[in-house]
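Let's start with one chain on its own, the form predicted on its own, as structure tokens.
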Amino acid sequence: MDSHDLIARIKNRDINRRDLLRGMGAAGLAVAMSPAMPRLAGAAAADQATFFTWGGYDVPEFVPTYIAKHGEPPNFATFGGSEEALTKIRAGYVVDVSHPCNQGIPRWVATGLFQPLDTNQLSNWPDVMPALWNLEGNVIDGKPYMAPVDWGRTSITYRTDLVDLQGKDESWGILWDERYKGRLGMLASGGDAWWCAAIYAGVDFHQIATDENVKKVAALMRKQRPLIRTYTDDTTSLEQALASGELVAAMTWDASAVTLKGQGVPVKFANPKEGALTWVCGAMIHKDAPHPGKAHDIVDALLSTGAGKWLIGENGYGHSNTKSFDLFSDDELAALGLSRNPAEILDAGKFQVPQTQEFETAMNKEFENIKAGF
């Protein structure tokens, strides 16, 4: 969705608040929300900290205790992929808090641009699942750098009335099925798409960076390219295309299936026989954060049960605070495809393994070439 499409939909009143936020993030328009009305980032409050996050997460529901303490939300800035975010930060973009994911932690820490968390300033830290913060490269000299917040899966949301599995198990092969040429969608970020293709190719994540496996995955994605109608990180547009039947299947995160089911669309979030891609994302504080105290307040708000209620109930993502799950029954969690024990989901899928900056740069360059048809 570009900015012109977004403006047209606003004028026609055919976009809801949640889709507006996601669409603005995808169009590169960062927003800061007050409880009553939106405020453009250009009018950001100088006395509030800035949270650099994924489009769609820039909502007051994600930072409830920060608002309760400071009277309004932090300033929001959005990105479409964590590599985009890191590139901007390395180029000198200074924010208070950023929102990377587990496979990037060692590289983010290695930049020297982030400070370890002062967990004494985080009232919710005792309730955070240790398995989610004790990740590879996250704890140095006993101090964690990233506070885990959200966790979930990247898989396939497909129309159960339009996709015929022919009695076979769900598989990543749905997105390579010639029967659905021109009716398949993919996330545009290599951080999702490349890794999911690697799963389908049978590549061990610990060997994903070898020349042989890079060529293997690239060849598979080039084979897929003619089948794909759209590559996008605007999940709202994928959801709308699935709802209309324009797409029969698309690579998405958990939340898209939850949203579509809530609209009565007959979809399922696949559990591929090869395994779904699993991930944990969280909050890191810039070493030169202009508001270090409020930066920790943002992190603490993200770890609160209020944030967890929104993540779980509205999006179908897991939350790092164990007490957030107490707000839901076992049946409600099961309906969302979640468990009180994240290991049951994370271990059942394919958990991303940190890679070098050289691999990430080369992989993203090759993926851009593939999307462009080269």
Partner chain sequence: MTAPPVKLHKSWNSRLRALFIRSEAVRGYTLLSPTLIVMAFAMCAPFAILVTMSFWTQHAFEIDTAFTLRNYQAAIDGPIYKALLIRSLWISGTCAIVTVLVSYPMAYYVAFHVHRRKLVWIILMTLPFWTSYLLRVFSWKVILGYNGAINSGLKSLGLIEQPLEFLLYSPTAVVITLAHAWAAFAILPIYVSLEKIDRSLLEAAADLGDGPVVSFLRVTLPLSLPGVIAASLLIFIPTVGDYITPTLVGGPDGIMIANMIQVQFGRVNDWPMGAALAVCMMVVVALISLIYIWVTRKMTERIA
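Not measured: the values here are computed from a predicted model. Numbering follows the first chain given and starts at 1.
Separately, the form predicted in complex with its partner chain exists; it is not shown, and the next lines address it.
- The partner is not drawn, yet in the predicted bound form one stretch among 139-147, 114-122, 182-190, 287-295 has residues with heavy atoms inside 4.5 Å of its partner chain: 182-190.
- Its partner chain in the predicted bound form is not approached by Gly262, whose heavy atoms all lie more than 4.5 angstroms from it.
- Put simply, Ser237 is close to its partner chain in the predicted bound form: some heavy atom of it is within 4.5 Å.
- Ser171 falls outside the set of residues with a heavy atom inside 4.5 Å of its partner chain in the predicted bound form.
- Not displayed here, its partner chain is kept clear of Lys268 by more than 4.5 Å at the level of heavy atoms in the predicted bound form.
- Checked against its partner chain in the predicted bound form, the residues Ser244, Thr160, Thr210, Asn134 give one hit for a heavy atom within 4.5 Å, which is Ser244.
- Residues of 348-374 lying near its partner chain in the predicted bound form, listed in sequence order, are Gln357, Glu358, Thr361, Asn364, Lys365, Glu368, Asn369, Lys371, Ala372, Phe374, the criterion being any heavy atom within 4.5 Å.
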